[in-house]
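There is one chain below, alone, in structure tokens, taken in the form predicted on its own.
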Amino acid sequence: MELYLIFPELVLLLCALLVIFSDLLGARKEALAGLAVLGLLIAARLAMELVGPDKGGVAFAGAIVVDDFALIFKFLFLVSTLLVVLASVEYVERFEGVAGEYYAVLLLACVGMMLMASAQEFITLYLSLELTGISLYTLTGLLRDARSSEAGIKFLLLGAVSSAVLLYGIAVLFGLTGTTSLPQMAPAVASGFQENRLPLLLATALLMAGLGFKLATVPFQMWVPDVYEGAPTPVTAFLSVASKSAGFVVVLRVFHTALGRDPLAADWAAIFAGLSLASMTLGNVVAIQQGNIKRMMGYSSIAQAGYLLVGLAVVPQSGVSGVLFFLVSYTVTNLGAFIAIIALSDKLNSDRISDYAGVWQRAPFLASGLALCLLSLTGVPPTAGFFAKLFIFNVAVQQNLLWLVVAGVLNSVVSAYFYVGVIREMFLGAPVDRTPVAVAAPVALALFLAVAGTFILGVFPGPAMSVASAAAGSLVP
């Protein structure tokens, strides 16, 4: 029964090994991509078997839990990885003989993230985090040129520092509570808060710093622009959504399960409110100045993390549901934008926004999909981004955080300047070359699925909001 709960992760692990062996036997790149897609679909089907009131459970002495909260993230990681694999079919030509390693490490990163979603014990959580981190460091430097290698080294060094800081925070909490289990830690933290206030605040600060790197929030965002620019574009897409979602699943699980009782909860909620304001403001203001679309999207992801932190500044269950719905909307929207960028930059051989001039005349499908996703990131109705911001801002207003909501709305207005600037360049700029841009079928399928998700969540947000609320209820009763 315990192994049954992690069947999806085991299938992906076996699939990653199969991809490596198939590559050694000389399989074509298309076959390797097909194996990765097949493994992800089988894992998703097995995860579906765990959906239901009596289907999940706790395994391995409480280290792993499969509940609605974990499952929504598992599906989020599986969908993200699937879309990135489809979008990479043409791009893997740049990897010079390591296409098999690319798909295998991508699957291993997904395994780590899925385990993170279920981990409710610090050692299990940390090992899952390291599996994911090492996989992402490898993917970042996979092009093996100057920029990719620099990005990989920066990511590795800063990631190692953040992991050490996180581990120090875990060690302090273990010393204060005598356990690494998150549910067992909660009563010990609450009962010993008065006499251990300073060390508890120190542990909380260390956890925020270590996890802030994973979330790409201010002041831990210094790695984002260089890594996003230097990494292979499909890896950048994966970092922007899957890695960020993995960071938030850890933050939500740790802070609401182990540290979610007052008065400590009020302290970290106030800190998250300040980090939210700083992240959304810096991300949007600096994004305006960028001429490289990958760097622009990097700073955009910092701003989007700021909006997500609004939900963490709200301690009740409604804050968690707001974060979950926002993450689902952000995943399909940002992936849609990056899939279009992958195809366009590959054909244009440039990441400069100025080189996107008039691209609508050459690739109307790609330009239209990118435009819709950028409008969704801005928060224009009727897109997923609009309801994501409306949901999370409404929750904040109910908790008397009007000042933070006003800041979020103003930052959304600022973000329209650089998002719409890209759209204006694509549709009103004069193209240097009018040769039509061909789009591979898997890439077109990935973009269609992402754009469809962005539109459907904008027109019919109700079912997704209900699922997010149910998942939040399993974390914060």
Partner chain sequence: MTTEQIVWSIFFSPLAAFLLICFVLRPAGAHGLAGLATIVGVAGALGASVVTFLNVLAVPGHELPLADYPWLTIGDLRLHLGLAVDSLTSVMLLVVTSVSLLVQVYSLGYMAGDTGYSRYYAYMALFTTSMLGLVLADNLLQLYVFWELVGLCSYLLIGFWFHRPAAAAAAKKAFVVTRFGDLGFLLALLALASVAGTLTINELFTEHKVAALVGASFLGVTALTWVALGLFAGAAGKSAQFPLHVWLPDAMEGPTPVSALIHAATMVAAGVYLVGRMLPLFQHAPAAMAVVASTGAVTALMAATMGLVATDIKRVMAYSTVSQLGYMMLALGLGGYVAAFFHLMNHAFFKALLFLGAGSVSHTTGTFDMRYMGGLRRAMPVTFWTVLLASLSLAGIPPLSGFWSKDEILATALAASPGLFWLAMATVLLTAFYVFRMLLLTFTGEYRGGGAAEAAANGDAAQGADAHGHGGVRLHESPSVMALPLVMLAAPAVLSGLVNLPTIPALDDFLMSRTVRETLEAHHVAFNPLLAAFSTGMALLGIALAWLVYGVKALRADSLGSALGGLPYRMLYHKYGLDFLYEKVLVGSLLYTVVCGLFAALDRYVVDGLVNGAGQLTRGLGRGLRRVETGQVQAYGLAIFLGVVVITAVAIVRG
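Bear in mind that the values here come from a model prediction, so they are computed numbers and not experimental data. Residue numbers count along the first chain shown, from 1.
Note that the form predicted together with its partner chain isn't included here; everything after this is about it.
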Residue contact check: residue 453 to its partner chain in the predicted bound form, 4.5 Å heavy atom: no
Its partner chain contact in the predicted bound form: residue 18, any heavy atom under 4.5 Å: no
4.5 Å heavy atom contact, residue 230 and its partner chain in the predicted bound form: no
Touches its partner chain in the predicted bound form: residue 197 (any heavy atom, 4.5 Å): yes
Contact stretch among 343 to 351, 329 to 337, 85 to 93, 281 to 289 - heavy atom within 4.5 Å of its partner chain in the predicted bound form: 281 to 289
102, 127 and 178 all contacting its partner chain in the predicted bound form, non-hydrogen atom within 4.5 Å: no
Single option in 255, 299, 122, 356 placed near its partner chain in the predicted bound form, where near means a heavy atom within 4.5 Å: 299
In the predicted bound form, the one of 51, 438, 409, 38 near its partner chain [non-hydrogen atom within 4.5 angstroms]: 409
In the predicted bound form: members of 204 to 228 within 4.5 Å of its partner chain, any heavy atom: 205, 206, 208, 209, 213, 219, 220, 221, 222, 223, 225, 226
